[in-house]
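There is one chain below, alone, in structure tokens, taken in the form predicted alone.
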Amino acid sequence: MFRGQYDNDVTVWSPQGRLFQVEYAMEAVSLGTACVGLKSKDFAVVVGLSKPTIEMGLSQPKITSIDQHVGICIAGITADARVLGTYLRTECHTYKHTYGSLYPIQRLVNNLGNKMQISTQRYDRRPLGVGLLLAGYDDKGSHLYQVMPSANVFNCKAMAIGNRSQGARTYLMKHQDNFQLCSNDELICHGIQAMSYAASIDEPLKLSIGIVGKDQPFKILTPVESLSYQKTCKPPDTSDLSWFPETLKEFDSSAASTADSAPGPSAPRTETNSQPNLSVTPKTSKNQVDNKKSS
């Protein structure tokens, strides 16, 4: 049945029980550039992939500071993100003026979800087509929340949203056990590694990075600082790494085991090759060898 009969109003359900207006808003999030968020015990980091400046005359901010203890990374319609950002800032400033303390993160996110829920059940509103990764720190520790246009709120250890974010989610799922004890530098490096799986290889990697944590107000890194992290924290298939977190050195385990099991005399270790090679050589299966021989 043609969905145009049921997608004109957010309060009209299709015969299959679907709200097409909400689904359209969710699709807007998946079309936005990717965002990655992850947290440790004391820090929370968000990394956003910015569009190249040649595609637009004005650079749109990917990460926005809400208060000194919380910030957001957006994927979707920027205008809707401004509406939510203004609401969050107003809530934080009102709470600080009334109680003289910082707004608890969990309560702030719950109120945001209630506000977004109203847009999905009133005929004179439309769902906000933006997804948020909210990073914050309060008395209960670091927090990372995913907020979707359907008003669903998820408390996450790590999450990636936006276009081509499946590869980043796979990376985060694989290494989520290492995040809890990471330092701020290691956490940023993990975020850049995850974002490298969501970025296009044909475009330069332009990232926006925000961090908040214990004794660390929310800070958006400058382009120079972001570029410095990108240069020192490269994908694991490169061999010229000058610095790499301890938690990511399992990438070298497979390469080291392959080198030890290889027959023939090994080259003597010198001062020039004393630094371990962190590159990973992909293994070739037997089927791939047979295909090469047959071709």
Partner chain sequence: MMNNSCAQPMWLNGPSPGQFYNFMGGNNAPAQLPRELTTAGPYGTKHSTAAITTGSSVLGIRFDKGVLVAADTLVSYGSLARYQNIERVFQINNKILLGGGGDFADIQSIKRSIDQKMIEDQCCNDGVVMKPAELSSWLTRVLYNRRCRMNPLYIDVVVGGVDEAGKPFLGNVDLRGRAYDDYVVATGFGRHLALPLVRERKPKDREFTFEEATKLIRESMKVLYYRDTRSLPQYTVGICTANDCSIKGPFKVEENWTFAEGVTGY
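Positions refer to the first chain, counted from 1. Keep in mind that this is a model prediction, so the values were computed, not measured.
From this point on, the text means the form predicted in complex with its partner chain, which you will not see here.
Chemist: Pick the stretch from 121-129, 180-188, 146-154, 93-101 whose residues have a heavy atom within 4.5 Å of its partner chain in the predicted bound form.
Modeler: One stretch meets the cut-off, namely 93-101.
Chemist: Might residue 139 be said to contact its partner chain in the predicted bound form, defining contact as any heavy atom within 4.5 Å?
Modeler: Taking the distances in the predicted bound form, the answer for residue 139 is yes, it comes within 4.5 Å of its partner chain.
Chemist: Indicate whether its partner chain has at least one heavy atom within 4.5 Å of a heavy atom of residue 106 in the predicted bound form.
Modeler: Flag for residue 106 set to yes.
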